[in-house]
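First, one chain by itself in structure tokens, the form predicted alone.
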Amino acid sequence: MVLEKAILATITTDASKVTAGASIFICESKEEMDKVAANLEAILDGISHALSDEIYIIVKH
């Protein structure tokens, strides 16, 4: 099975705004969230998208 399009991870500073699904990474600051997103982009071969100031997702296109 080839995964073509999917949400691979969610990164947030507010755990109350996300639910189960993809892996969830909870950060303490925006700066930490930016670093985690950049690392996960490289590790997962995905692209980071900001849904709000408190939530990023890593997607595979």
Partner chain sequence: MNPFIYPILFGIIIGTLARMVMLKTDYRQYPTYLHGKIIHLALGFIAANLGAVAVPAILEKEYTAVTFLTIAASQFREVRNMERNTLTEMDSYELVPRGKTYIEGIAIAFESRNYLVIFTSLLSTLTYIALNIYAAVIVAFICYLLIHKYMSGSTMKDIVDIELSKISFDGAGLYVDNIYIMNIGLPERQEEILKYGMGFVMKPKNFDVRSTIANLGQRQAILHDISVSLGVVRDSGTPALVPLIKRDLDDGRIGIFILPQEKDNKKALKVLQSVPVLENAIRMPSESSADKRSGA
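Numbering follows the first chain given and starts at 1. Because the structure is predicted, anything quoted here is derived from the model rather than measured.
FYI, the form predicted together with its partner chain isn't displayed, but the following is about it.
With a 4.5 Å cutoff on heavy atoms, Thr10 does not count as touching its partner chain in the predicted bound form; it lies far away.
The closest heavy atom approach of Asp14 to its partner chain in the predicted bound form falls outside 4.5 Å. For Ala37, a non-hydrogen atom is located within 4.5 Å of its partner chain in the predicted bound form, even though that partner is not displayed. Its partner chain is not drawn, but in the predicted bound form it has no heavy atom within 4.5 Å of Ala22. Along 40 to 61, residues Glu41, Asp45, Gly46, Ile47, Ser48, His49, Ala50, Tyr56 each place a heavy atom within 4.5 Å of its partner chain in the predicted bound form.
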